[in-house]
Structures are given as structure tokens and as C-alpha cells.
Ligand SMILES: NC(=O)c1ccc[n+]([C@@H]2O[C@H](COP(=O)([O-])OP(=O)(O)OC[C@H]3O[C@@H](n4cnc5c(N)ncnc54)[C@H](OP(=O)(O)O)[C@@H]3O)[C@@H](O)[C@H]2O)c1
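Quick heads-up: it's one chain on its own, the form predicted on its own, in C-alpha cells.
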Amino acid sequence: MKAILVEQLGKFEHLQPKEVPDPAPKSDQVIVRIEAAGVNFADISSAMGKYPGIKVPYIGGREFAGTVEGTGERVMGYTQTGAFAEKIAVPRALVWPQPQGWTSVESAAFPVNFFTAYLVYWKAGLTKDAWEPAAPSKSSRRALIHAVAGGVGTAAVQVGRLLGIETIGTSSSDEKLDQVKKLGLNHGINYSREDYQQRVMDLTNGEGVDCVFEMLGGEHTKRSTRCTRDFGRVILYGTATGERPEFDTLTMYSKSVSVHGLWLSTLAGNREVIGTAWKTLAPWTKSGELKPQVGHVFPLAKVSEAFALMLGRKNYGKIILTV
């Protein structure tokens, strides 16, 4: 079969499909013939040698959609590696039925984005099945979503709307913010010309937000803590800047703010957590209240172009590779 085989860390400019052996399934696995795969920042970090636990050679890609070999079931799924290929062997527990009426391109944009979005709210205590409920509040629940026009961001706006959460999103583009407002974003902040920290406090009458979707790292982690209300939570699920998160401990003390890490690769192996999240998300996909936002579609051979587009922060929504 053909696959994107990463053989050298630190470069991705010359990645091309190569012939590799077909996967051999274990007893708890199924073979999925992949039709589409989602591109995530973690895929780029892995290829650049900045993602933990990755060793070459490996097949890139974390999410996919296609058909189960032998049964024809249309599914979407999550994996640590292996999605940028014609086939994958994956545990049955990590595939879910494609929502009725969705294409494989749309379905491949679901697992990472929507599970991450839901689990951030879960970790922040804002879902019914939350691990620890958020502190009581007399005002509406609010979330600050960085990179709101990206894959996780557009998912977070949709999930937040259904949870009754007031959403505030940052982006460098007015055009992107206008697109996300159509999904239910309440307030958009163009960080290229506004101080998002000050703007958040203005929008919330100085109170701040209950949670922050923080995937930037560097100074943005400490600035995000300053955007929270008392007992707020900053959920750190990435470092797109490539910089180690910085912390403002004085703000954390004074507001009793906490910073939490969230890694989908670990949570995906927790069947109870993922199962509960899917139980909530599935009816919303069926009703049409959730819909992945696909901004760009590339053939598998143009994976390097897809990576470059994401690094340049030019994309809206999800970038998909067709297989």
C-alpha cells in the first residue's frame, strides 16, 4: 500500500507517498480502507521531532475516515500514527460510525477536533459529566478560545453553543472571525490589532472567563490565566508557538486559577472517558447541530503543502488529505 512514511525527523518538505507493507491486524483490531485523513498540528510537530514518543520510521497521521475491510462499515477513527495511508489496523474501540449523510472528508475532520473540544469543556468542569464541576457563578459561563478559526476552535464554538456557553474567540483575520460567528461565536477578537487580554476583560465587565482553550504556549499561557475569573481553568492542549508555557503564579494565587494539561493521545485510551464524550456528541452529529468545517482538501501526495499551509496559519477550519 501507499503511505506517508516519515524516515527523518526535522524536515517535511519532501514527504511523498511510498510503498510499505499492508498492516497486519491484531485480535482486537480491524482494517480500515482510508478515504480521507485529517491534518493536525501534532502531525507537523511529530515530523519535526518535537512530539514525545515518536521514533522513525513511522507513518504519519492521527485521524481518518473510510470503510472497514470485510464489512463495508463507514467509520471514522483516531490513532497515534498511521492515518496517512491507504489502510490502517486500529482497535475497534477507536472507530466510530460516520454520521449519516457525512462524507469521509467531513468525517475525517471529526475525531481530533470534536473530542478535544468536548474534553476541554469537560476538564474545565462545564459539562454534565465533568470530572470536577466548575465553581458556582451567578453570571453566564464563558470560554476564551484561541485560534478560534482552526479545527479545534470551530468545533469548540459549536460544542460551546450547545452547552450554553458564551464564547470569545481570537484570530488574526476579520474574515475568519466573521465565518466563525456564523457557527455561533459570540465575540471575536482580532489579536493583530487588539490586546485580547484587555478586550476579554472589557467584554466580561472585568470578571473574566471560566475556561481558556490554550494551545499557543509561551507568554500566552500566563496571559490566558489573566483572562480568567476567580477559580477559572486554563486548559493547555498544545504549544503552537513552539515555546514552553510561561506562568504568572501571582495571578494563579490571587484568583485561585488552575492550569490543566489535556492530551488526546492519552485520553483516547480511556474507554470510559471517550465513551461518555461520544454518547454526548453522537446525537448532536445526528441532529446536524455539529458539522466539521473543512477549509482545504489536498491529495495525499501534497502533504507537505498541507503542512506549510497550517504552519502559515492561513487555513480556516480543517485541512484534509484524500487517499
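Residue positions are given as counts along the sequence shown, with the first one as 1. Only a predicted model underlies this, so the values are computations on that prediction, with no experimental measurement involved.
Although it is not shown, the form predicted in complex with the named molecule is what the next lines describe.
Proximity to the named molecule in the predicted bound form, taken as heavy atoms within 4.5 Å, picks out 111-119 from the listed stretches 245-253, 96-104, 225-233, 111-119. Of the residues given (Val294, Val273, Leu262, Val30), Leu262 alone sits with a heavy atom within 4.5 Å of the named molecule in the predicted bound form. Checked against the named molecule in the predicted bound form, the residues Ala89, Leu183, Leu203, Leu216 give one hit for a heavy atom within 4.5 Å, which is Leu216. The named molecule is not drawn, but in the predicted bound form it has no heavy atom within 4.5 Å of Leu300. When the named molecule is considered in the predicted bound form, Asn40 lines it closely, a heavy atom lying within 4.5 Å.
Residue contact check for Gly238: one or more of its heavy atoms lie within 4.5 Å of the named molecule in the predicted bound form. The named molecule is not shown here, but in the predicted bound form it comes within 4.5 Å of a heavy atom of Lys176.
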